[in-house]
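Next up: just one chain, as C-alpha cells, the form predicted alone.
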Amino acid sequence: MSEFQGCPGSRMMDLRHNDEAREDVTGAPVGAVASELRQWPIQLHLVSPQAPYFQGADVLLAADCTAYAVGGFHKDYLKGKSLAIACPKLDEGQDIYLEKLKTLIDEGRINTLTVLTMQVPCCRGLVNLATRAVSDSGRKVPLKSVVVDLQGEVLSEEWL
C-alpha cells in the first residue's frame, strides 16, 4: 500500500484500539471525560465506506450541531459506534451522501444506523437521506432517528 499523499487532516486513522487512559507528561489524566471517537475522518464527504471501522459496525450519522447541543454526546450516542457527520442544509453533494450511505449498508454491511438530528427543519433532510439509503440498498438495516432540541434534550426517539 502506498504512503498517504493527500491532506494530513483527511488521512484515515483507526482509533478503536486507543482505549488506554491518556496521561499528560506529569502522569495526570488528560481531559475530564474520555473521547469515544473511534476513527478519523468523520465528515461524511471524507469517510471511506470501506474503512475497517465501518465493517459490521453500529453507525452514528450525526448532524454537525448535535455534538454541541448534547452535553453527553460521547457517552450517550458515540460510545461503541463509528461516526459520520453532515449538515443537510450547508453541505453540498447530497447525492454523494446518499451513495456513501448505500455503500455503508451494502458493502460495509453495517449493523445499525442511528441518525441524530436537531429539532430544526433543515435537519430532517439527514433523516430523509438515511431513510432513502436504507430503502434503496440491497439489504435492510435497523434505522433509528433521534431528534434533540437546542438544549440537547431528546424530543423523539424512534425506529423507522
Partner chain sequence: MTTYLNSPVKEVIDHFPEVGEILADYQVGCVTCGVGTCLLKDIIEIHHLSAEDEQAAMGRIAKVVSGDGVTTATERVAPELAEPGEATASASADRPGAAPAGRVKAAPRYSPPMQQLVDEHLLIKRWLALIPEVLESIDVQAAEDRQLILDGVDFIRSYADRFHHAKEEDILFKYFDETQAIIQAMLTDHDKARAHARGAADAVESRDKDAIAEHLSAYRALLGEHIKKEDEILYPWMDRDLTTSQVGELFRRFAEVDKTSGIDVGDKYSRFVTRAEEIVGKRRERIQ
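Positions refer to the first chain, counted from 1. On a predicted model such as this, the values are computed, not experimentally measured, just so you know.
In what follows, reference is made to the form predicted together with the partner chain, a form of this protein that is not presented.
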* Note which of Asp91, Glu36, Asp58, Asp64 lies within 4.5 Å of the partner chain in the predicted complex, where distance is taken over heavy atoms; exactly one does. => Asp58
* Structure fact -> In this chain shown alone, the residue from Ser135, Thr112, Asn128, Gln50 with a heavy atom within 4.5 Å of the partner chain in the predicted complex is Thr112
* With the partner left out of view, is Lys140 within 4.5 angstroms of the partner chain in the predicted complex by any non-hydrogen atom? -> yes
* Candidate stretches 91-99, 112-120, 37-45, 64-72 - the one whose heavy atoms come within 4.5 Å of the partner chain in the predicted complex -> 112-120
